[in-house]
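Presented below, as structure tokens, is a lone chain in the form predicted on its own.
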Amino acid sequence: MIRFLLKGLFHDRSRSRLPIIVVAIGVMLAVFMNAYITGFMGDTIEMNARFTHGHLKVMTRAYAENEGQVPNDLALTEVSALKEELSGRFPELDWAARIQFGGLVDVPDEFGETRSQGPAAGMGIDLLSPDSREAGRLNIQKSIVRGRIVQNAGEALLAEQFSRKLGVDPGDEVTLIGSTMHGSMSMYNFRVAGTVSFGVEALDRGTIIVDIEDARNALDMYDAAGELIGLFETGFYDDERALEIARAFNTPFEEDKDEYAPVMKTLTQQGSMGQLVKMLDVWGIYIIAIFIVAMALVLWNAGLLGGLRRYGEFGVRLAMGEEKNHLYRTLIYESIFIGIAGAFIGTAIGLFFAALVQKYGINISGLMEGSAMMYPSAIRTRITTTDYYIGFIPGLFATIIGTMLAGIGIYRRKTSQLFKELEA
């Protein structure tokens, strides 16, 4: 029976050409869109994780409640011991201490008077330790526009856009004016080692990046940090595992009422990141559902047109004693073969285009101007295992549903009517 149906499809290509083309186009779009959503939204999630939220973040309870204000007076203390404990308990994560701070960057003239100044959002990260991954994690080396990366204590990086606004060049000296951990005024001099551009408006608007030890000296935060962030060694966020780790860490502190007690939050428990992660999980389902409905409608119409043309064939088969149920089933079998063939072709084409975008990307930096949230400057797809089989779901379901809907007409036709059509 299978050989008979395949021969029929190969010899009468009008029965299979249009459905296969429709399925292939739909599957191609489904595969590409899934790779696009996984790539772009995944990159957005990971960028926010690397720069601000981490996959997991440890803060004091009071700091967590006022995180948007970056209250360094509520920062973690004895961070070295806490970091060592976290690395021992959760070795699948790489832990790093960071200090977020705000202040005023003052640029002096040759007489020491203020030439220009502007508000800055500062970040103290480990740039000088030989085993630190922070510079690579934030892609600082590739983001250098002028000058070089920080190599010595007392050096800083300024956002290129910010440095142009202040009229600062690499080698110039600037003064950071802010407040210490204890609330007193702080003024600390830095030499600009270089300028950076991340292609993200939220970062390029007014960022200063310094080594964490310099930040501690400037803000009087010895062995302290606003937060400890942990990132999975795999490079991708695992929400289920992250929640398990957070529960294991937080349980011993549940009865502790001290506002300086540490608390761990997952990526999805910070800001709007939970919505982004959930959207990434459900978008694949939406894509499949949309293409199943769209292709099923097209294939239903194609099946109706094909059925009208094949009523003569149906009449012969019924005259030979074939039952309507059997005839209906053979149409469904044919649709399965068509769906498999179209899904293979569409998946191959979809993966090809997804691979091109994954390698070369599409620059969208111009569209991100003015955005307060961090988005990647280029759209890149990410091909995963799911992309190799996700197209078969709409490909098979759509062809089967379309054929089932079109084939209902067989039961509405009387055998005598089909004979008359045959005679005509």
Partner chain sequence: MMINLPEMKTITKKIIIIILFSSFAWFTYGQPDANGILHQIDENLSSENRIFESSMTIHGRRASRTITSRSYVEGDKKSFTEYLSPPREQGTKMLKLENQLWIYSPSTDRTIQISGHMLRQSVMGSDLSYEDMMDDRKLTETYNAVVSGSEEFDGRTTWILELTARVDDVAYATRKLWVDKERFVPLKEELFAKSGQLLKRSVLSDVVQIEGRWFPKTIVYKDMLKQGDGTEFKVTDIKFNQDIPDYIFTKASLKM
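It should be emphasised that the depicted structure is a prediction, and the values quoted were computed from it without experimental measurement. Residue numbers count along the first chain shown, from 1.
One more form of this protein exists, namely the form predicted together with the partner chain; it is left out here, but the text below deals with it.
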*Please determine, with the chain shown alone, which of 348 to 356, 109 to 117, 239 to 247, 327 to 335 has non-hydrogen atoms within 4.5 Å of the partner chain in the model of the complex.*
109 to 117
*Touches the partner chain in the model of the complex: residue 177 (any heavy atom, 4.5 Å)*: yes
*If you check in the model of the complex, is residue 38 within 4.5 Å of the partner chain, heavy atoms only?*
no
*How about residue 184: is it within 4.5 Å of the partner chain in the model of the complex, going by heavy atoms?*
yes
*residue 66, heavy atom within 4.5 angstroms of the partner chain in the model of the complex*: yes
*Considering 139, 87, 77, 129, which brings a non-hydrogen atom within 4.5 Å of the partner chain in the model of the complex?*
77
*Just one of 219, 229, 156, 159 has a heavy atom within 4.5 Å of the partner chain in the model of the complex. Which one?*
219
*Who in 29 to 65 is close to the partner chain in the model of the complex, meaning a heavy atom within 4.5 Å?*
60, 62
